[in-house]
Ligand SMILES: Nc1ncnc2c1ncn2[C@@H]1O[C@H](COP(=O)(O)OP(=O)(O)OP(=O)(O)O)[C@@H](O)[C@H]1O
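Quick setup: one chain, the form predicted alone, written in structure tokens, and binding and motion questions come after.
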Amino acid sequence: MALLTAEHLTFAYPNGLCALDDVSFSIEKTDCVGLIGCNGAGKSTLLSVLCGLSTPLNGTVTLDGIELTKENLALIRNMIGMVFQNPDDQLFMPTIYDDVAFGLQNRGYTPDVISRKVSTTLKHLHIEHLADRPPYRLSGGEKRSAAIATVLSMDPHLILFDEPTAFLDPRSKRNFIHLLRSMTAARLVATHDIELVSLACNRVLVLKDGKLLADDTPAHVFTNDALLEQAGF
């Protein structure tokens, strides 16, 4: 059984703009899936629908056998982690330790468990030296890693990334790709970065004007000139 199943998702904004048009796909537990498309293709809207921030006009989202509804929204959100495009939207506490501990505190973990989880996560990302640093004193790559730590500490089943290589220099980008490939949770990565998808993802979803044009391997997608032209690349 797939970890996540999206079936016939349709979403329109109040002005009538259709951002998702009958989109269906699934994600397996070990998948790292790239989500590509030009600006306005519907990538961010799809991420918003999957984590329950936006409600589709039609269609269903099922995660680990549980359908996303208003009644179990909190349960689903505990199973999905979202890493925003701008780390400054995710880091707001006095120190990185406090940021990583914030979600755990809200879940009611004991101080000992919080301390252990934060330390383990920071060490896994090789940023334990940043624990006592304020977010504004970090580089772009360090902020990105810290934002990921706030999500990883929660042990999500699925992690959604929105343009994760934005603000990164080449070295930080390479480090992020290595990290992405090492993760055990399922990943869905919305990005314009073709290199990232080629190196880290085993599947690619191609969106154009809210429609899903393709769901295939990076090798097949990036050698299909007609598809890429249709998608606007």
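We number the residues from 1 along the sequence you see. Every value quoted in this text rests on a predicted model; they were computed, and no experiment measured them.
What comes next is about the form predicted together with the ligand, which is not displayed.
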query: Option touching the ligand, based on a heavy atom within 4.5 Å in the model of the complex, out of D155, D98, E163, D88; finding: E163
query: The ligand: the contacting residue among S182, N39, T55, T30 in the model of the complex [heavy atom, 4.5 Å]; finding: N39
query: Any non-hydrogen atom of A19 within 4.5 angstroms of the ligand in the model of the complex; finding: yes
query: 4.5 Å heavy atom contact, K43 to the ligand in the model of the complex; finding: yes
query: Any non-hydrogen atom of R174 within 4.5 angstroms of the ligand in the model of the complex; finding: no
query: Partner-proximal stretch of 22-30, 198-206, 58-66, 44-52 relative to the ligand in the model of the complex, 4.5 angstroms, heavy atom; finding: 44-52
query: Residues of stretch 176-194 in contact with the ligand in the model of the complex (4.5 Å, non-hydrogen atom); finding: H192
